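The chain below stands alone, shown as structure tokens; this is the form predicted alone.
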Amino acid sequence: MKKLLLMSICVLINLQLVSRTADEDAIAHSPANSKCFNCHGRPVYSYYNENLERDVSKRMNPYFLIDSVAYYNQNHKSFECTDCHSYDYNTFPHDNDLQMEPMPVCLDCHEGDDATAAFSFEKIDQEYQQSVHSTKHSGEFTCWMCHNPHSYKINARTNENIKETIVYDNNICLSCHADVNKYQLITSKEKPNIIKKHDWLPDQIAHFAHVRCIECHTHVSNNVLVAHQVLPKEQAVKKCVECHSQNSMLMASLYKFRAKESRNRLGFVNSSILKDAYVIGANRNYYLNILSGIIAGLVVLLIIIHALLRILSK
């Protein structure tokens, strides 16, 4: 069972949500970006070494390797590399000091931007500032730690297939919490074992496959589409009733964008949840609960009456 659970975690980590149907040669790279991808888009790159007076080939550092197909299928695909990185990178070989330059964060571009106002970046930043990621790690933890600007696709969250959204969002968390190399970028502590930390959770495989990490580990907010205030582990949701009830907290987070429409159209039936994953208790009806209680009460009453009659008949 543990091996099966571990395999399911690995599937979540490695599953790719970005379609690779487009051929890389057919992608219209910008001239400026093509120059960067000539090196950073390949595992091996070549350049002319003036000291040796010949062409040499080198292996690209995997942490500096950018998937150009994923880049031109994500939200920042219209950007040129130097929109975020220094223009000095146009000179090769690059100056080593450039590695020390501060990288921009989301608000550097999106603060006060009418085109992205619907995503409430300012409110997201307020939530993030109160999260354990910020309060414990301060400036070492930035937007880039979770949202890779070279491949991030926010439209995955409104996908009709909710399971893809769950896997996509969980992969963001697991990219650190299941990767010791990235985890140790911000802390020297030993990476916790996710499976052991969730030993208390019944049917781990079902929960990991159908619920996002942030459902239990963030403060639910009505102001943003996806909560960013990550709570301390002591405040994580552990009460089953929080989700397995008529007023399931999943309706305010995971199924927020479909909950209102489905409730208006179908009343008490929680179709948003039932369509993709059955959550026990989420489709309860107040009047059926009363009727069930009356029937149960009548059954108990009949049993008592029957017992009394038998006692009296003796």
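The structure displayed is predicted, hence computed values, not measured ones. Numbers follow the displayed sequence, beginning with 1.
Beyond what is shown, the protein has a form predicted together with a small molecule; the following relates to that form.
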query	finding
Touches the small molecule in the model of the complex: T187 (any heavy atom, 4.5 Å)	yes
Distance check, Y287 to the small molecule in the model of the complex, heavy atom within 4.5 Å	no
4.5 Å heavy atom contact, K197 to the small molecule in the model of the complex	yes
Heavy atom of D203 within 4.5 Å of the small molecule in the model of the complex	yes
